[in-house]
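Shown here is one chain on its own, the form predicted on its own, set out as structure tokens.
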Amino acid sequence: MEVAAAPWWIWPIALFAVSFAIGIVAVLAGVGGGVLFVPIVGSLFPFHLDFVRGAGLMFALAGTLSAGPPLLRAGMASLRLVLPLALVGSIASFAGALVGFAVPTELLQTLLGVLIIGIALLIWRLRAADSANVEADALGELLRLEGEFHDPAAGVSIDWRTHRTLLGLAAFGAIGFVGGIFGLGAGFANVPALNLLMAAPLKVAVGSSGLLISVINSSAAWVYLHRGALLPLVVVPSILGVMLGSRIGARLLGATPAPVVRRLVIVVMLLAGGRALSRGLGIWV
């Protein structure tokens, strides 16, 4: 009742402000913005979850597409690594988007809450893997998933290659499917899969994750566009907010202690996941 009485223009302004804040935090924490956007906006704003999920895909695309060229120029992203994983993830993401429209909204809210709480715990437990002295497997050698990365901060060059490549392909199929269902940018899962499972260096994993999100989310976005689930009232202020917030976040990245932002992201995701779970179960609508 109070929501219905609020002027319509309040919501785009509030959405811009929230997207701006998420853009800053996402860059500082190194997570895909969509993983914060969907549960927060889906829980606190009076928009149908289908519109929020569609906007979440575009939200994640806006940041990753702009970041792709400089990441490639700096050698922090590898097309050779991205392309086979993106192919599997894109097909799965398209299928996930179709499944998402067939699932009742209440069930989606419940599953989203469980997923976001699980992701928060994953980020809390995540530790970077050592990519030195990794022996490539046969599939990794066949696909030539290897490269050399110069880390200017450490002043060293890392000759890297992947292993457990088949498991990595399966993992990105699952990541794409889940991302398509919920409209999440999959950066939260890309980095652990690339670094912990396939042994890519952490900075290469972070950089390549951005390219993976841009390719995988693009295929799912077409499904939402075809179904009419991309509402300009939601998408436009979200993209404007995240692009501006991401620029500021990039400038603050060097001065902000990573543990502080990491804890902030975990707290925000736990609150958003709890809110989505309560809405899905009908406890707090």
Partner chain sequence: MGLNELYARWLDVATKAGFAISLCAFLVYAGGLLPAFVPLEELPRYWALPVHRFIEVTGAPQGWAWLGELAYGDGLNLAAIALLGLVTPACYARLVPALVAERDWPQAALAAGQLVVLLVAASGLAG
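None of these values were measured; they are calculated from a predicted model. Residue numbers count along the first chain shown, from 1.
Missing here is the form predicted together with its partner chain; even so, the following discussion is about that form.
*Asks:* Among the candidate stretches 139-147, 112-120, 174-182, 193-201, which one is within 4.5 Å of its partner chain in the predicted complex when only heavy atoms are counted?
*Replies:* That would be stretch 139-147.
*Asks:* Counting only non-hydrogen atoms and a 4.5 angstroms cut-off, does residue 12 reach its partner chain in the predicted complex?
*Replies:* Yes, residue 12 is a contact residue.
*Asks:* Is residue 235 near its partner chain? Define near as a heavy atom within 4.5 Å, in the predicted complex.
*Replies:* So residue 235 counts as contacting its partner chain.
*Asks:* Considering only heavy atoms, tell me if residue 101 and its partner chain come within 4.5 Å of each other in the predicted complex.
*Replies:* Answer yes; at least one heavy atom of residue 101 falls within 4.5 Å of its partner chain in the predicted complex.
*Asks:* Does residue 61 reach its partner chain in the predicted complex if we count a contact as any heavy atom within 4.5 Å?
*Replies:* Residue 61 belongs to the contact set for its partner chain.
*Asks:* Would its partner chain in the predicted complex be within 4.5 angstroms of a non-hydrogen atom of every residue among 48, 73 and 244?
*Replies:* Heavy-atom distance to its partner chain in the predicted complex: all three under 4.5 Å.
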